[in-house]
Ligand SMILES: Cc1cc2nc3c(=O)[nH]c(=O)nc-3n(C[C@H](O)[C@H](O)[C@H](O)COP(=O)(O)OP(=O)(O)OC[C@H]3O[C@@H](n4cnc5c(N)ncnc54)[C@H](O)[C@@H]3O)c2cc1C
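Below sits a lone chain in structure tokens, taken as the form predicted on its own.
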Amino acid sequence: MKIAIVGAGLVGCTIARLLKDRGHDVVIFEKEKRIGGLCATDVHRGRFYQLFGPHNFHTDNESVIEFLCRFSKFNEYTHYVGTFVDGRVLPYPISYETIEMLQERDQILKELRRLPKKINMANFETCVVSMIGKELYKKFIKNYTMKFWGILPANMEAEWAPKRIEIRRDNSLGYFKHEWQGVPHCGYSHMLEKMTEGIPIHYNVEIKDYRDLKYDLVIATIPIDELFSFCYGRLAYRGLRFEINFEEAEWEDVKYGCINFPDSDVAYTRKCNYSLCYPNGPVTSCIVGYDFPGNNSSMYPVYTSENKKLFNKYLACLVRIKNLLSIGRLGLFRYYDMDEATEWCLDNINAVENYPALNLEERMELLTKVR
């Protein structure tokens, strides 16, 4: 088959490689002038850094590890995160180690003993409070959530909270609990360039209408509402603006690759030290990135009941088109981590390859099943 991929991020490059390996004629169209999407990396004076926030790869899936290691060696960087609370940096995710450092320790432990047996999934706020109690929610989660997402937590769907929020015994494993963690030695962009060797990529091309692409199958990784020219309205995404300081001299604690700032008096949500995950080159200063939340770009799908209904409208339209497939975080309006996105491609490559031959029910099943 002749197959066009729209978008040269991790998902677009992964699915392109898998299809190319199966003998298909594959081409990629990318609206930016570079490969990598949101995990794109660059080099400053011989030192790698990430353009759009930290992306530490983590997985226990041997198939994902084997696939990625075809194209890059990975260092063994383990991602530790701190949160600036009560005037100091505390370990995050919340652990009993963290709780012992808080003045409200006794009240927090009392609330934890009284948590309901069943999580309250009515909305994001009720969900988190039922998981960690009111005191920890107010101190660590509430303000950060409002600042990052720009809406009240009570107006958000609860479905992804249990995946992201928990209380641990300690933070010895870092932010992620997978044993296999790290970043590509020479950055994600270099890894994706190796992944797409032999596959034509046309940069600075924005596809206005997928019907202009005369291919047997078009696989889009752009926002699904953009794919259909926003005919039903716009889905809500949250974006970030990134500022990078290449000569920052100090860092609060070399243990933490990122530090979150839930305090609303600070404009950025977090700052990240790329010199820790790419410890190459001179170390006289740090490369530090600052993340400022806003609605300037489509990065994170905002989970609300209204957005879910709107997405389902676009999905119903999509599955009626045999030669058009929408995948990835933006294409399926789902907050996938990179390991989950890669795993989706590996697990579903047979269905993707045969997508034009699937009936409507099979296409819907493929795009709605959740990992």
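Residue numbers here begin at 1 and follow the sequence given. Please read all numbers here as calculations on a predicted model, not as lab measurements.
The discussion below concerns the form predicted together with the ligand, not included here.
Review point. Want to guess which of 318 to 326, 49 to 57, 303 to 311, 66 to 74 is within 4.5 Å of the ligand in the model of the complex, heavy atoms only?
Key: Residues of 49 to 57 come within 4.5 Å of the partner.
Review point. Can all three of Glu30, Phe176 and Glu206 be found with a heavy atom no more than 4.5 Å from the ligand in the model of the complex?
Key: Heavy-atom distance to the ligand in the model of the complex: all three under 4.5 Å.
Exercise for review: Would you check, heavy atoms only and a 4.5 Å threshold, whether Val26 touches the ligand in the model of the complex?
Suggested key: Heavy-atom contact with the ligand at 4.5 Å: absent for Val26.
Check your understanding: Using 4.5 Å between non-hydrogen atoms, is Glu226 touching the ligand in the model of the complex?
Key -> Yes.
Practice item. Flag Phe242 as yes or no: does it have a non-hydrogen atom within 4.5 angstroms of any non-hydrogen atom of the ligand in the model of the complex? Key: Taking the distances in the model of the complex, the answer for Phe242 is yes, it comes within 4.5 Å of the ligand.
Check your understanding: Is there a non-hydrogen atom of Ala8 within 4.5 angstroms of a non-hydrogen atom of the ligand in the model of the complex?
Key -> Because a heavy atom of Ala8 falls inside 4.5 Å of the ligand in the model of the complex, the answer is yes.
Point to revise | in the model of the complex, the one of Ile94, Ile222, Ile201, Met131 near the ligand [non-hydrogen atom within 4.5 angstroms] | key: Flagged contact: Ile222.
Review point. Are there residues in 33 to 52 with a heavy atom within 4.5 Å of the ligand in the model of the complex, and which are they, in order?
Key: Contacting residues: Gly36, Gly37, Leu38, Cys39, Phe52.
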